[in-house]
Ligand code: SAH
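Have a look below at one chain only, the form predicted on its own, in structure tokens format.
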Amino acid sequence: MAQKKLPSVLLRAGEDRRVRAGHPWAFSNEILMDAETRAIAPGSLAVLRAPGGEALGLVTFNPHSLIAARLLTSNPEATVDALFFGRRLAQAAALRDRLIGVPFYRLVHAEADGLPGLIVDRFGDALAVQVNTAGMELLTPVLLEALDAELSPKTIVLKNDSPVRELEGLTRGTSVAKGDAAGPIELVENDARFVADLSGGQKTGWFYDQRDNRRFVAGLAKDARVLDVYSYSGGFGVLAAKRDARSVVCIDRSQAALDAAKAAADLNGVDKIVSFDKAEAFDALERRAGETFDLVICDPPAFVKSRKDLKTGAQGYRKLVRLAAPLVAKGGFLFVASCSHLVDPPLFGEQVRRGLRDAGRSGRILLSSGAALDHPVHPGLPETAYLKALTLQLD
């Protein structure tokens, strides 16, 4: 599409250093917010300029958001159309195909793939798309055209229900942009089969970010008694069963999640090995005091969703480890993760250490890990490396 002359957004004096150093955002307090700039429609394309007027790149701009400008390209002359998106999508798909080898992965991871505010998860010929900014919302028709051209998917679900959309002045909801999303869809991960609900499940229906951690932890599961806490759809527990665990118990408070895990157990022929417990995690751990398992897996949802929750939420990881560690047999393994981006690795490690001390257990960290390779991190946004995981052997 032809691109009309774009408005300019001017950085305040001295506020261009971060962008020049490679940071892909400009915050509202770094921008000269005069009446003309404030009048720019949320999500509009604009040219970001240094205080002296030099063009630094093309951004999507929202005058009402704290993150006001998000860099799309350092080329201020670029045309943002289906071809522009297509090139980014083709590059992202080529990388994932090389890394993962099967078409079940995170295809687009926002800024790291040059498409800020956009998440796309691929499930074979179905796509789950999350649009989290006003800029990407306005560009959605162009995005859908590019996805069709590059991947020819049968189904595209717009899973636009993230709370972060409200910070951009957007409504929340889920819709089907193409095809039929009724019922669960099969996926393959680590040579095992699982099911995901693209419309009704959490986030995009599956958590690809734990793929590599699941593979590592499953390597510890042979002949083991396994407890999978916050099991969701069985990504850890069912894979452990497939890797010759002696028994697996999946705990989750969601019946829909446990139904998906049971379907996965059936698909992989391990239904006799895996059992299910619908319960709140902390309650279930307390109820099972005195039991022992060779491998305990704790992959909770985010305990810290905003800065005001940081202290109490971080202590949730300490409590989780305090309750889980006593269930680990001597010489057994504990895997614990945090997807709270506000909890940095040192804070998470400290809470795990305190939880072990509370439980009277000692041990050693075998692996400190993050998200899978299809969740790359933008070099200018190291804080977006949100997932932290520790695998320990306990004495």
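Numbers follow the displayed sequence, beginning with 1. Please read all numbers here as calculations on a predicted model, not as lab measurements.
The same protein has a further form, the form predicted in complex with this ligand, not shown here; the description that follows concerns it.
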Among the candidates 122, 214, 109, 96, the residue which, in the predicted complex, approaches this ligand to within 4.5 Å (heavy atoms): 214
message: Between 309, 145, 280, 266, only one gets a heavy atom within 4.5 angstroms of this ligand in the predicted complex; which residue is that?
response: 280
- request: With this ligand left out here, work out from 201-209, 216-224, 312-320, 134-142 which stretch has heavy atoms within 4.5 Å of it in the predicted complex.
  value: 201-209
message: Is this ligand in the predicted complex close enough to 235, 252 and 300 that every residue in that trio has a heavy atom within 4.5 angstroms of it?
response: yes
Residue 230, heavy atom within 4.5 angstroms of this ligand in the predicted complex: yes
query: Does residue 257 reach this ligand in the predicted complex if we count a contact as any heavy atom within 4.5 Å?
result: yes
